[in-house]
Every structure is written in structure tokens, then in C-alpha cells.
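Okay, here we've got a single chain as C-alpha cells, the form predicted alone, with questions on binding and movement later.
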């Protein structure tokens, strides 16, 4: 049995790996994550000279090159920044760093490839176990926790009905997340709840949402847009059927896909939904009294400002 508070004692200052998406389409996630870190007294030290984690493109062509790319991020964090914890808000980045850690622990060929490429690139080879990779949800759950969030927000999100959407890469495949499913205080791979816990602590009314870990089709957006649109439409309609006013996200790819395909679903298939899509960090930021612009809410395509004003969140 693992106590998440024990694991997170050194998470108040972490190596911050924003990844490519948070400097592009997920810019609002980057802004809101930094804003709440400042508000909560947490320190994010951006990983020096970081690179793409290999995302989906590289992984689909050569998984071992993806392992190397992710290992280089971890090597920089450990050897250049002298950090032993890296926090990745993006589900794809988080997943790939965790996968690289697993591969380096279990596959000799992956270790050989990473060692060879690291030597050619002129940086120290990352060794499995030198860095702990955590998600933004682990970071906030462990450092501040529900009691800390509740004390700081005073139930500010009361009356807001939220469907928490985790996507498919946050908990799958299970074997690369050995810290999950370890009893009380740890995350569940079958029924994730960390985002529910944090937003409930801020007063939100979390609805019963069956598709919280369903795939949004993000990997197929360019190659098969109709399939992605249909998958997103199912998620949006399920959220509305559950009574949600907002879908909370914790992945830039999922967030962008939900917003873009919400528009496309109406234009292409006549499926209209009005539920708003917001990063969970934006919701927590509002609950903490941070202004909408500082949280990047003006960048949200689904434009939740009318709802924010109605709920007196600003």
C-alpha cells in the first residue's frame, strides 16, 4: 500500500516538461498550470533544452527512437537540472516518458539503442529509475491535496456540473504505471478519480460520466477525421446526457479534439452540443480567484465566459 503524500514530499519543486502541445494548441493549459502553481506556492523548473517525446508520429515508425527521445528529456532533467521528479501535464508526454522508463527497465535492446544514440548525441545515457515521472494530477493531489484545495477555494465551484474526462492514455496500458492501483491514496487505472477529487474539493458537482476514459480519436484526426468526430460526438452527448455543463480535461490533444470536433460534428453530421470544454487547471484557477485571462480562457474555442459569469466564478 502506497501513501501518495509520502511519495509526493519532494513534488513542491519539480522539473516541468510542457512538451510540444503546451507551446502550441495547448497554450492555455500551459498558462493555467503555471498560474495555479504560482498561486499555490509550487515551483516549476522547465527541463533544460527539452525535445519532443516522440509523440505518436515517431512511435508509430520506430518505437525505440521514441524511447530514446523521451529518455533524453529525462537525462536532461537528471544530469543537467539535477531534478529527480519530472511533471508532464500532457497525457501523451506523460505516457511516453512512463513507457520509456518501462522499456529501459525491461528491454535490453531498448537500453542498447538509447546508450548508442546518447553517446552519439554527446549526453549522459539515462538510467531507469533516476527520475520519477508524474502527471499534473499527481502533482496537485500529492502536494496540495483535497484538504488544501478545499481550504483555499472555499467551495467556489459550487453549483457547477462537471464531467471529468481523462482520455485513454492517462491509465493505459496499465503495466507502464506501476504506481497506480496500489490501494488507498493512489490512482485507479479502471476508474480514475484524481481530477474528480480535486474539483470536488473546490465545490464542483461531478456528474456520473461513463465515457471518462473513452478514446477521443486524437491519433486519427488527420487520417480519418470522420471517425474522430464520431468518437468525440459520443463523448459530448454522454456528458450532456449526464447533466454536465462543462467537460474538464487534462490533456491538450483531447481538449483540442473535443473543441474542434464539437464544431465539425454539427457541420458534418448535424450533431449539436453546447457543453463547454475547459482544462481542469482553468477551473481550479477560477476557484482560487485567478482571472480568466491569466488562465488563458479567452483561447478556449467553446467560449465558457457566459457560463463563468452566470456561475459567478469571476
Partner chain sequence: MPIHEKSLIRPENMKTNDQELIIDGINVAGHWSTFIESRVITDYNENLQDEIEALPGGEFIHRCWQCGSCTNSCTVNAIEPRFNPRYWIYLIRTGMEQELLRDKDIIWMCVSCNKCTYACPRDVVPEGVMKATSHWLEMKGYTPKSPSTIFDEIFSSQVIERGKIEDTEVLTQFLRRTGQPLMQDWLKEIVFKVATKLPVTWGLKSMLAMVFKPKTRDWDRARLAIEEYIHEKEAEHRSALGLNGSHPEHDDHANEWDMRRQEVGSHIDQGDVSVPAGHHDESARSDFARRAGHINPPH
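Positions refer to the first chain, counted from 1. These numbers come from a predicted model, not from an experiment.
Below, we turn to the form predicted together with its partner chain, even though it does not appear here.
- Heavy atoms within 4.5 Å of its partner chain in the model of the complex are found in exactly one of 155 to 163, 137 to 145, 86 to 94, 207 to 215, that being 207 to 215.
- Mapping the unseen interface onto this chain, residue 241 falls outside it, with no heavy atom inside 4.5 Å of its partner chain in the model of the complex.
- Among residues of the shown chain, residue 72 is one whose heavy atoms approach its partner chain to within 4.5 Å in the model of the complex.
- Mapping the unseen interface onto this chain, residue 105 falls outside it, with no heavy atom inside 4.5 Å of its partner chain in the model of the complex.
- A residue is said to contact a partner when one of its heavy atoms sits within 4.5 Å of a partner heavy atom; residue 260 meets this definition for its partner chain in the model of the complex.
- Contact with its partner chain in the model of the complex, defined as a heavy atom within 4.5 Å, holds for exactly one of 124, 129, 178, 173, namely 173.
- Residue in contact with its partner chain in the model of the complex (any heavy atom within 4.5 Å), chosen from 271, 65, 35, 288: 65.
- Contact with its partner chain in the model of the complex holds for all three of 27, 219 and 267, each having a heavy atom within 4.5 Å.
- Scanning 297 to 312 for heavy atoms within 4.5 Å of its partner chain in the model of the complex gives 298, 299, 300, 301, 303 in sequence order.
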